[in-house]
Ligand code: HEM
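In the form predicted on its own, a lone chain appears below as structure tokens.
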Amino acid sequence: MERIIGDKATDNAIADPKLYADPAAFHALFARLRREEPVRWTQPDDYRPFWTVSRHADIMEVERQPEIFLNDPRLTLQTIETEEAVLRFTGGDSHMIRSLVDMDNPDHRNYRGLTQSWFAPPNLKKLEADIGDLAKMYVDRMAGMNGKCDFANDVAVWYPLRVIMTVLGVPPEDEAFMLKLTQELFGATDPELKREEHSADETSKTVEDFFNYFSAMVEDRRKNPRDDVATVIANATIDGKPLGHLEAISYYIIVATAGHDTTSSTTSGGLLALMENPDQMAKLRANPDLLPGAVDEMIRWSTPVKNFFRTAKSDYMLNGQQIKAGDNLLMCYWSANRDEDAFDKPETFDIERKPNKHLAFGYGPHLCLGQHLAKMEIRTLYKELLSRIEHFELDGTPAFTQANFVSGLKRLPIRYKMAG
């Protein structure tokens, strides 16, 4: 089948960061794509063309074959202007960083193995008490705020940030700086979160700030090793050789950013979903044993990582479309997680959904390294919230980040009543 040139308005919408700040509009568009053009040749203005893959089954088919569909060299949806700025920054390399999500095997397997045990459930047990204390601390903070707060900014961003910075080894006094850089990186297209005087080159400057900070940490951990992930990375070897500087710093960056931003988005998105579905809130309060399943539904519902690219290594037929070697495919996870063919009543928020085979953590060898930690954090906070706060309601209009890669709520104003 020949590539069909679609309407430009739809192509532009698929890439537009503003669409991702309007969940209703996003899901209406992608429901149509799943019905009519599940694998769509897409040519937005100012972007290199790609295939938009919107169905759950098609994404699974791609993710199951990492030897055919590669993460390298194109991973995220960026304008041509931004891609050119990256080339200027790196001196000709298409990557500013080279982390696990950019790698294919054997590098991906080798680098993932360095920290995999740190994020495995047996090791996470030693964090349970500390995470519980943090959850209590943030609900205590809510108790002192006279029944009103912006849950996204006052609680949801700080709680997982402290957890991952503890794991990584970043001191508390540097957390605000890490949050600022993370929001600049993932919110580079949002007028409220972007770096001042935003241009395509500003993202490079944010990455440069990360490099400067973490370069000092690498040197420190080599001289003064500690019991943290930063020390593991700084002193790791692959095939008997130390990690390259780019790979070591990139490892720090992916842990320090994706390690909290996605969890905070689900934490906020889950509370909004519960407030909008009071029957589900009541059900969860009545039976806290439903919390693990509720967390998975929050993750499906929010899907903080909206998409990733894959690049075809060879020609491939996908759902009737001829993919050519070198073509890029945009795996649209948020769409897949609302796919009518994969989920019963996908537009319903259902904390008892079984099975819940969402793709919010990806699938296959790139399945999210931190998924068990993220679920533990969300479960722990909600256990504390629901046991100590007897009522939640909106106190204004929620707002979502204008970003087409990693995004979620940036404001969630609420009123609440503490129990007792």
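Computed from a predicted model, the values in this text were never measured in an experiment. Note that residue numbering follows the sequence shown and begins at 1.
Just so you know, the form predicted together with this ligand exists too; it's not on screen, but the next bit is about it.
Exactly one of the stretches 391 to 399, 25 to 33, 38 to 46, 360 to 368 approaches this ligand in the model of the complex with heavy atoms within 4.5 Å, and it is 360 to 368. The three residues Ile164, Pro304 and Leu373 all sit with a heavy atom within 4.5 Å of this ligand in the model of the complex. Arg310 belongs to the set of residues with a heavy atom inside 4.5 Å of this ligand in the model of the complex. Not displayed here, this ligand is approached by Thr266 to within 4.5 Å at the level of heavy atoms in the model of the complex. Of the heavy atoms in Phe119, some are within 4.5 Å of this ligand in the model of the complex. Gly270 falls outside the set of residues with a heavy atom inside 4.5 Å of this ligand in the model of the complex. When you look in the model of the complex, the only residue of Arg74, Arg98, Arg112, Arg221 with a non-hydrogen atom within 4.5 Å of this ligand is Arg112. Out of the listed residues Ala152, Ala294, Ala258, Leu330, Ala258 is the one that sits within 4.5 Å of this ligand in the model of the complex by at least one heavy atom.
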